[in-house]
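Next comes just one chain, in structure tokens: the form predicted alone.
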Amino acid sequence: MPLLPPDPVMTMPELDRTFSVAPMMDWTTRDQRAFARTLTRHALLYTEMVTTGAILHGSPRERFLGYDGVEHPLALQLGGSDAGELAECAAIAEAWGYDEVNLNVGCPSDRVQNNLIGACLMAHPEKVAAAVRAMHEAVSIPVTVKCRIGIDDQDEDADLERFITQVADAGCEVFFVHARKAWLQGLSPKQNRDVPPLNYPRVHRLKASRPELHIGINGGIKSLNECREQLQHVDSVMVGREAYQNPWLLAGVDQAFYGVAGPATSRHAAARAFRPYIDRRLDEGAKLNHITRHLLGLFQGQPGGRRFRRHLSENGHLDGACLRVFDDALSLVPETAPASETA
């Protein structure tokens, strides 16, 4: 039986964007987000980008919008450029109980460019402004934008300022800025995550010049100490690949940024807390490796961590793979970490 969205009034913690996990295609799935909640209760989580076409024409809608109630606070990232379609999808997201709707203006892949989705929209601030205005009129939940500092030969000062001004004038008060340009001609999406140089000072200057806006920063942040440093200059930090590849980083988030203890006392405790969810998803027909692939980095750098990854990788995809495979993998890691273990 599919997991239906809960009553947001009954389950929604207060939305605080201080720390969030970036939306990442094929990575921030419902299973990854549920696992993240064994490590942090307060970080804001994002879905993968979901296109307006998938929501409006895909079936079943649960495939694209379904989530578990533990995932709150949870934002839906939308991909699209048609204001009417984005407004309709934002309203659907609100009805499903999402806490925020975010518009993707940062993805550099050729596939989305061809449909005028993602980073290419930075060249069309008027379309982004129209979309934001329409979504604001359609919902009461926040509408936010995730963008780059520019694309291709755009000027990182003048063009970014023009983009932010037009979209802010349309009602957007929250921007998450990936502090790299996206080169849509000549670089692959993978290269666009590393090759263009990071320019944190440009995002810091944006916040200084627009203090009334919430400016979050994203790109290349690898530790909680780096997050603390960024928070001296901006309102929030968004961590992507490091939070996925080294998920234990999330175990320190609640204490570091929200002043409360996180739910996991050890990596093993987080894994055990996730067992009932795995069992339930298996009963629903999910494949074990589709769930456990999000845990492969849990024991990064720990004795037995490589054996844990190998056992799940070699056995999780087999027909009939069950919770026993996960338990056997976990048994390969010595449980010696103290309760005070941190990222």
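All of these numbers come straight from a predicted model, not from anything done at the bench. Throughout, we count residues from 1 along the sequence that is shown.
Heads up, the form predicted in complex with a small molecule isn't pictured, but that's what we're talking about next.
With the partner removed from view, the residue among 150, 219, 216, 247 that has a non-hydrogen atom within 4.5 Å of the small molecule in the model of the complex turns out to be 219. A heavy atom within 4.5 Å of the small molecule in the model of the complex is found for one listed residue only; from 196, 142, 240, 252, this is 240. Residues of just one listed stretch (83-91, 219-227, 68-76, 262-270) have heavy atoms within 4.5 Å of the small molecule in the model of the complex: 219-227. When the small molecule is considered in the model of the complex, residue 332 lies well away from it, no heavy atom lying within 4.5 Å. When contacts are judged by a 4.5 Å heavy atom cut-off, residue 49 counts as touching the small molecule in the model of the complex. Residue contact check for residue 27: one or more of its heavy atoms lie within 4.5 Å of the small molecule in the model of the complex. Interface membership of residue 146, defined by any non-hydrogen atom within 4.5 Å of the small molecule in the model of the complex, is confirmed.
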